[in-house]
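Here's a solo chain for you in structure tokens, the form predicted on its own.
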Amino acid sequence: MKKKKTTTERYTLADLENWREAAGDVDPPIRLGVFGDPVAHSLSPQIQNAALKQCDIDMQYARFHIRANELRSALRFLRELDFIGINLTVPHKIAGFEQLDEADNRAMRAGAVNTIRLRDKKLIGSNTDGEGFVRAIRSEFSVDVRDLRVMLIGAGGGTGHTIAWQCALENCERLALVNRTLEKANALAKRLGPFFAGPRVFGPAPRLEVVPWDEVALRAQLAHVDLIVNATPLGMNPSDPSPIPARLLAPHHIVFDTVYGPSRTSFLRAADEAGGRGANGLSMLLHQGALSFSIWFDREAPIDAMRAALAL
């Protein structure tokens, strides 16, 4: 009889290389998972295993600690295994895109992938972060992204790219791209420019703008912003500072931190201190995870069961 293993266990590249020895006796079999570094914090197994159980699908979803220099090999091993698919999280979303055999429009636009489906040993990529973000903002704040002036911090990363594209597709009122490396933000702004060519909001600030990540520049921008999004890893460690200090925030600001964890991040505490509203990335995780499930199984995800697993 096969022994039962919980999916709190983390697997590695070496395990993938010798998968039959590492997990051949796991019941139900592991046929889904998430690649990341770090990955121990990921709650994706929690929600996906709840969905699999609710739908009576006899398989499990697990965490895989895959370092940046291991991703190519990990995906190569995955092609030879009986997996349905995989999620990619930090830092693999942009690098993973380069390893795909096929990509849908969402992944192509963002140049980043967070959901891979395996079919005939081919890696077929999608990106559910953008739509997951839009649904999260609607559920958390009862407002649509298209009606907001958005500041995106961390526009150079995979999650940031995807959220920026989604804001453009939603035709949001305004988008300010903040990144430590201005070259990356400028390159993204050039691609997004046509979406912001038409007038929507009257005011002194342009609809699309690249902003340096320094206090003087941020202070000048924040009067023309409703929603501030942290798409950087800042906050994954409890000691991380807020990407924007509380003294710059105002009560009218909505703060969305894509980072989630057992305690409120410094960014959300800064929003509290300023009297603004804030939410972490759990609702985005829920909605992008439900979309991933639908891609893998071509059916609606049991979102209530997934939400209950997060106790949202």
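The first residue of the sequence shown is number 1, and the count goes up from there. Small disclaimer: the values here were computed from a predicted structure and weren't measured.
Quick note: we don't show the form predicted in complex with a small molecule, though the next part is all about it.
Scanning 231, 86, 167, 228 against the small molecule in the predicted bound form with a 4.5 Å heavy atom cut-off leaves one residue, 231.
The contact residue chosen from 278, 281, 36, 45 relative to the small molecule in the predicted bound form is 281, the criterion being a non-hydrogen atom within 4.5 angstroms. Figure note: of the listed segments 77-85, 97-105, 218-226, 148-156, the one touching the small molecule in the predicted bound form, with heavy atoms no more than 4.5 Å away, is 148-156. Each of 180, 213 and 260 places at least one heavy atom within 4.5 Å of the small molecule in the predicted bound form. Among heavy atoms of residue 93, some come within 4.5 Å of the small molecule in the predicted bound form.
Proximity of residue 109 to the small molecule in the predicted bound form: non-hydrogen atoms within 4.5 Å are absent; the residue sits far from the partner. The small molecule in the predicted bound form is not approached by residue 135, whose heavy atoms all lie more than 4.5 angstroms from it. In the predicted bound form, residue 184 approaches the small molecule with a heavy atom inside 4.5 Å.
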